[in-house]
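Only one chain is included here, represented as structure tokens and corresponding to the form predicted on its own.
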């Protein structure tokens, strides 16, 4: 199997075996340790986790449970310090830095906690930024930005400035910016938002729509158990280990 979805010739694209198609993302006995001077923090302990194409999974747990470390490993931003991680069957330890960068750019869209919109740029300009940083022509960037804004229901807001937007609209704009590069996977970071601040229904519904209608794989990282109701599957973390991994259908059957 080849990781690349098309025949474009990219010298940094890693090769993969032609074996049976594996899960999109697989962690095997994965641990993550952070050395901080004379102290060591073990963020994750021997995590086994498969994420399949087209899934909408919520990673849920209290502060300090390892959610952010797990998300960063899934997005190839950090490597496990023990165990392994495979992306589309390719072991991450076999990848060069250039290949990791290529994979992040091609396959992943990251939605940060605070959305990080530039207050001095229009919404269209904010959404176009990832493509502009890659040096693409300005007109192509603008067109792609408007396509992404249309996808999240903000096609009439491209001219607005971030301060003119509601909280829900800023959230959708953050998702649009992640979508502008046409990723296969959305990693949505709500890991540090307090558990008493629920996921905006508009954002939850949008993530579900992107997953169901566009087959985008969504991983939502959150403290809020209520946010998991939008997902197909909930993976509960505590103390750096998986406590529970259950589908919404299975959860509903228990009640």
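Note that this is a predicted model, so its numbers are computed, not measured. Numbering follows the first chain given and starts at 1.
Omitted here: the form predicted together with adenosine-5'-diphosphate (ADP). The next part is about that form.
In the predicted bound form, adenosine-5'-diphosphate (ADP) sits within 4.5 Å of a heavy atom of residue 68. The closest heavy atom approach of residue 36 to adenosine-5'-diphosphate (ADP) in the predicted bound form falls within 4.5 Å. adenosine-5'-diphosphate (ADP) is not shown here, but in the predicted bound form it comes within 4.5 Å of a heavy atom of residue 64.
When contacts are judged by a 4.5 Å heavy atom cut-off, residue 41 counts as touching adenosine-5'-diphosphate (ADP) in the predicted bound form. Comparing 131-139, 68-76, 100-108, 118-126 against adenosine-5'-diphosphate (ADP) in the predicted bound form, the single stretch with non-hydrogen atoms within 4.5 angstroms of it is 68-76. Along 85-102, not one residue places a heavy atom within 4.5 Å of adenosine-5'-diphosphate (ADP) in the predicted bound form.
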